[in-house]
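Have a look below at one chain only, the form predicted alone, in structure tokens format.
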Amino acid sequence: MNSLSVVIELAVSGLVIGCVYALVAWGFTIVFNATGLVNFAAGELVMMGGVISATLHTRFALQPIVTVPLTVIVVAAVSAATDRYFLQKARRQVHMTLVMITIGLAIGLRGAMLFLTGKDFQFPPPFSEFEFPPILGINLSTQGVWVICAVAVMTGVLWWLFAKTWLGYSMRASGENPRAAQLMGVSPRWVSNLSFALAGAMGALAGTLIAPLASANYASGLYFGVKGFSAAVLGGLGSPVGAVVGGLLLGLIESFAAGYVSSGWKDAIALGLLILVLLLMPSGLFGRRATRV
């Protein structure tokens, strides 16, 4: 394989990984936009999406056309319930208390999935069996194409939601100044609950798409949470487009670091560059000092 083929293969792999990170980063972005809170249970929502969809397939032989919407509905409901019955009860507490509650919720969700589904790794099949012909000697994964297409579609949907709709304006206003938003007729509690449900749906979608690529297991939430948070911060916490850019950059950096340096150093190199970017641009690439969409 020549050097050009290696570069293309690493780039394609990095783009798929980056799209995965972008999907996870949206869970942080949506909640932060609406509430100003960093939800550290976002990674566990992705884990739940993967485990639930894989369990529905392995135990009940359901196909993705059924498992995906069912999983999205269940995880969105669980996410909304955590906000309604835990976070909103403590909304008057200091911000750090709310952050610690999200960490506690993450641990609780992980334990619940361990109890309900077990600790075995599950390997659901890809969404379709179609195989793409090699392009420039590179074999494209069918599931990887599903991931890339999902990110492309959802990027447009989320941009439209936050930039062009009353709901998006309400979510952003509640995140910026809840009291002023309430005076304008917006219910911060309703917006918060809706944002958690939407973040849960995005996390579930991410989990169902990732599971055929990387398997599903109750302990994977921490990994996805760290990567998704890193991508969100790199792109600018609160920006849907920034989440995509941050995820793609993080994925490409890791892919090329693994290919040209060492797979054991890819995480250190990626996080080192993340720290460097944040030292130079504390708000991230598309943070609040830049154009926020």
Partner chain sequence: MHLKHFFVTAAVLSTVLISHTAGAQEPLKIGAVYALTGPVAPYGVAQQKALQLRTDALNAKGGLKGRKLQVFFYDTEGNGNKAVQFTRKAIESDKVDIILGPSTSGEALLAAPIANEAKVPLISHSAAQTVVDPARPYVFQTAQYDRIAVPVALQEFKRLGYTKVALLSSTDGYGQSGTAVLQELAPKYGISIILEQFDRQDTDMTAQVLRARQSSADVMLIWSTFPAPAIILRNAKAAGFAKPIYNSFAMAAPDFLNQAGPNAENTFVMSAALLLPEALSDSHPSKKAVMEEYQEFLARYKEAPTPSAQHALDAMSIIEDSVKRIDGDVNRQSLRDAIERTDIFGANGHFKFSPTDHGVSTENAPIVFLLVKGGKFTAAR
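Given the structure is predicted, the values throughout are model-derived calculations rather than measurements. Residue numbers count along the first chain shown, from 1.
A second form of this protein, the form predicted together with its partner chain, is not displayed here; the remarks below concern that form.
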query	finding
Among 115-123, 198-206, 148-156, 86-94, the region lying within 4.5 Å of its partner chain in the predicted bound form by heavy atom distance	115-123
Contact residue in the predicted bound form, chosen from I107, A163, A214, A81 - any heavy atom within 4.5 Å of its partner chain	A214
is_contact(I103, its partner chain) in the predicted bound form, heavy atom dist at most 4.5 Å	no
Contact of S263 with its partner chain in the predicted bound form (heavy atom, 4.5 Å)	yes
Interface membership of I17, its partner chain in the predicted bound form, 4.5 Å heavy atom rule	yes
Partner contact for G36 in the predicted bound form: its partner chain, 4.5 angstroms, heavy atom	no
